[in-house]
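Take a look at this single chain in structure tokens; it is the form predicted on its own.
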């Protein structure tokens, strides 16, 4: 099958006043899905990737549709990058420091300012923010190895299935860790809740843990060690325990600053508030993926990016 010749080359701005039509900030699954759709919509799109996607740290995701044997996060992101580039998206390694809204009298759109010294700002008509979140990591030697081997985990929604029947620890510094321990109890009868600092649990929380059969170790954890067999040794003020895996429930850092500095609406945790089309309260600024969703799932991120890209395509204008 042959394709009709292009009348507008991918990657070329539709207006000479702009470097591109859409700047995508973030090179994880959400940002790359948006770029793939926009490029196939024949929109000029630049992906600005600081190289800190949470997805590349996933040892292997088993709930990504179409991968019955799972997929390594780094390989998934690499394949999506190649797909975006195939259709004309321009991918750059860059760290965006600030977004600037330009007045309509100057043609509107946004200026993106970079942390790199001497780098000129990039001007675009619209911005798709896909800056995601980062986990607050526990103090633990060989952290990357522990994550790679499944001794350290962060997301029971993603991989609770993989710890069925295992001895599981949940490490937290707040009462919210109770919810995660109870969630994991669905997958294993051997769940223990640990704390990095003294935390005063309510009587109700204690009853819930006890009723579900979740063990509670109130003595603060002093150290985590990766065992030679792939498990975790937990040293606390009352002794030492061994677990097959430990979940870090120490909270997340939501990377929404670029939008909130413009006054974008957000919730108490920092997640950006978007409408059904992924639009923020700032005109022309869309947000997708973990920065705008609290479920923190690849499939949720890519679905939202597809919705945003379709809305952006129509907003940017069609013939007729």
Ligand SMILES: Cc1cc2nc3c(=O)[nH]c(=O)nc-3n(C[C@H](O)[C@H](O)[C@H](O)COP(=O)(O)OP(=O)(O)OC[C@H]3O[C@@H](n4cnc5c(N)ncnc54)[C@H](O)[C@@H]3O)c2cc1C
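Bear in mind that the values here come from a model prediction, so they are computed numbers and not experimental data. Positions refer to the first chain, counted from 1.
The protein also exists as the form predicted together with the named molecule; that form is not presented, and the subsequent description refers to it.
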property	result
Contact of residue 263 with the named molecule in the predicted complex (heavy atom, 4.5 Å)	no
Contact of residue 147 with the named molecule in the predicted complex (heavy atom, 4.5 Å)	yes
4.5 Å heavy atom contact, residue 34 to the named molecule in the predicted complex	no
Contact label in the predicted complex: residue 274 to the named molecule, heavy atom within 4.5 Å	no
Candidate from 254, 39, 285, 48 lying within 4.5 Å of the named molecule in the predicted complex - any heavy atom	48
Contact residue in the predicted complex, chosen from 205, 85, 135, 180 - any heavy atom within 4.5 Å of the named molecule	135
Interface stretch in the predicted complex with the named molecule - options 235 to 243, 217 to 225, 125 to 133, 186 to 194, non-hydrogen atom within 4.5 Å	125 to 133
Sequence-ordered residues of 18 to 49 touching the named molecule in the predicted complex, heavy atom within 4.5 Å	25, 26, 27, 28, 29, 30, 31, 48, 49
